[in-house]
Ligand code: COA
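Given next, in structure tokens, is a single chain: the form predicted alone.
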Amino acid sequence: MVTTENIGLRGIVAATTHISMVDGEEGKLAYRGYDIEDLATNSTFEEVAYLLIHGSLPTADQLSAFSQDLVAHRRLPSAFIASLDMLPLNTPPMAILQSGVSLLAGYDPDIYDESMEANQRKAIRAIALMPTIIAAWKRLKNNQGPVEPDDSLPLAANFLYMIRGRRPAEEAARFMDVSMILHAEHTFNASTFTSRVVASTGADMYASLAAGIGALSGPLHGGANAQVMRNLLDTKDPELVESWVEDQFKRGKKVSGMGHAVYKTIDPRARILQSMARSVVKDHPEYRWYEMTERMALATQDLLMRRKGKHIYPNVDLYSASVYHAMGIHHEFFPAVFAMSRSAGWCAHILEEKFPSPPVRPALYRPESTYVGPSNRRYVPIGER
């Protein structure tokens, strides 16, 4: 029976997973049993990607080999770049990424090998190449030539280098790395569940990833941080933030970056990004965007409490927006940056779907639905309609 509590599969357990745990009541998130704050403080994106895909933290030698594999697969084939150069410049970055990831299947020597080892190799190639696709399209869209990857840089820093054509400051590179860690995985969200559904049919790694990218492109999922930045740009002046929030409430609209479908307290990822964002932009000429972000959060919390007696808290999208903007990433590309970070989690879930731990067996997802349309309709020949 469909109820308001389970519509959209809310509260329905679709599968078990070893990959991550979200405690919405306590505001906790863990990857493979490791608290997100520990990982964000002490780890790197490469180390977290290894953890998600292989199930354990790597040794120094394992991490070195894994990182070298990622570096070795960063470069796009020249034919791929040429195909991007032929596309209309107004093509959305998420459309480029979704179609681009699908096309990677044609360049993968393991595409017809469905063993665990081959799928792990596909995962490494996809994680390595998604930042290159995004950076190449960003450059082409601005009538600039793509920048070749710098093999001496880790994945996050190299992405910023390919976007801007110059090495990022250490602080900016670290923020990008931590942001990618925080966005890497979040249990059965819409895009991850979509990837798992497609993988359950036996589809390959790239088809499953492309499906996840499609789900993430929606404004209710991956587009939230882009909307945060649009709201800041529309408001322009820190002194106008409170009146803007009031206007949103009057029109019955939500404030992007506030509230979450799972967390009943502050999103733990938002807490980490908040302190990092403050330190990254404190001396930046565009500090006002961060200042406006804080005022937007406080105004939203105050109004909701006064009008409805309810609490609302920032989510991960709120604090990434102003810093991505300060680093020279246009908000049109924010969902794609989210996707390249989430690629590690998607790959881990696709692998878990294809190779579940016993006693669980692979199963094609096939939920039921309740039909509520008309019945007993008489067919009328076309000439009589």
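Only a predicted model underlies this, so the values are computations on that prediction, with no experimental measurement involved. Throughout, we count residues from 1 along the sequence that is shown.
Missing here is the form predicted in complex with ligand COA; even so, the following discussion is about that form.
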Item to complete: May I ask you to state whether Gly257 is within 4.5 Å of ligand COA in the model of the complex, using heavy atom distances?
Response: yes
Notebook entry, point to check: Even though ligand COA is not shown here, does Ala261 get within 4.5 Å of it in the model of the complex, heavy atoms only?
Noted result: yes
Item to complete: Give a yes/no on whether Phe249 approaches ligand COA to within 4.5 Å in the model of the complex, heavy atoms considered.
Response: yes
I'd like to check something about Lys310: if you look in the model of the complex, is any of its heavy atoms closer than or equal to 4.5 Å to a heavy atom of ligand COA?
yes
Testing 69-77, 104-112, 145-153, 249-257 against ligand COA in the model of the complex with a 4.5 Å heavy atom criterion leaves exactly one stretch, namely 249-257
Worksheet item: Judged by heavy atoms and a 4.5 Å cut-off, are Met130, Ser195 and Val198 together in contact with ligand COA in the model of the complex?
Response: no
From Gln98, Ser191, Asn119, Thr300: within 4.5 Å of ligand COA in the model of the complex by heavy atoms is Thr300
Heavy atom within 4.5 Å of ligand COA in the model of the complex, from candidates Ile81, Ile266, Leu304, Ile124, belongs to Leu304
